[in-house]
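Shown below, as structure tokens, is a lone chain in the form predicted alone; questions about how it binds or moves come after it.
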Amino acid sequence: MDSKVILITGASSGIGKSTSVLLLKKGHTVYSAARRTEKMEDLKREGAHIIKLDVTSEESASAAIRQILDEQGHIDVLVNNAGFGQYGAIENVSTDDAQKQFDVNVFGLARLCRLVLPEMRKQKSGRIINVGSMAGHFCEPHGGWYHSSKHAVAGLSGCLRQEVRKFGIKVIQIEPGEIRSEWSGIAMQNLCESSAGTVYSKGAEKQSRLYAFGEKHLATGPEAVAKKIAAAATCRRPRLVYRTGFGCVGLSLASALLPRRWFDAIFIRLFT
């Protein structure tokens, strides 16, 4: 197997960190990037190149890509994993917070795609792996900005895949279900803070309790997603979409087969 130069964003924890470890073990040159580099000393000891990267900053993103090209001469794989969950009722989440959700989950992802594409075109090969979510295929109360950002990632990835295939560049989507990580706790903290003292507070408390139960008893470890990303990065003919994690099959079937009223009724009953 040829060693590849791979950039992974959001690598300070969860899926990004697990993916970095797995690809390092497979002998690849891994650049692990995140805003919180102090949490990545263990990756550095494993052999990862650590980059401080804020995906919402053009200057930061450009500097990261320049560093990799200066040191390695090329980039084979970009894993767009950075993201977070801005949960809260549409009425309660400020426009600034909603824009921050899209700046990280969508525009930051697109920014890095734009930066690596010219180099991948020159080498007539490359892979862009966008970590979306099953949330890009259904809706739930209090998750409007997060879900809409993941719907956008799915649409952007599909369009980009069609645009760049003729250049030898593959675009792959990863769509996890419920994964054990910091994500759930941060999302539910955002939800409870934005809902406090409002008409949505009781629903927010119910949703937070259910998410905590899922995180503790049902969620799949991030290593399962790392295996899918590694396959997408290295196999000869990768799938267009990889799904893994608790609930991904059930939610996919339910959203496709159930009447919309029924699907809505389930989530309204659970979370409001």
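Keep in mind that this is a model prediction, so the values were computed, not measured. A residue's number is simply how far along the shown sequence it sits, counting from 1.
What follows is about the form predicted together with a small molecule, which we do not show.
Heavy atoms within 4.5 Å of the small molecule in the model of the complex: does residue 13 have any?
Residue 13: contacts the small molecule in the model of the complex.
Please check if residue 110 has a heavy atom lying within 4.5 Å of any heavy atom of the small molecule in the model of the complex.
Judged by the heavy-atom cut-off of 4.5 Å, residue 110 is well away from the small molecule in the model of the complex.
If we define contact as a non-hydrogen atom of the residue within 4.5 angstroms of the partner, is residue 29 a contact of the small molecule in the model of the complex?
No, residue 29 stays farther than 4.5 Å from the small molecule in the model of the complex.
Does residue 104 reach the small molecule in the model of the complex if we count a contact as any heavy atom within 4.5 Å?
Residue 104 belongs to the contact set for the small molecule.
In the model of the complex, does each of 141, 247 and 254 have a heavy atom within 4.5 Å of the small molecule?
Checking in the model of the complex: none of 141, 247 and 254 is within 4.5 Å of the small molecule.
Stretch in contact, per heavy atom within 4.5 angstroms of the small molecule in the model of the complex, of 182-190, 161-169, 196-204, 86-94:
Of the stretches listed, the one contacting the partner is 182-190.
Note which of 230, 55, 43, 65 lies within 4.5 Å of the small molecule in the model of the complex, where distance is taken over heavy atoms; exactly one does.
By the 4.5 Å heavy-atom cutoff, the listed residue in contact is 55.
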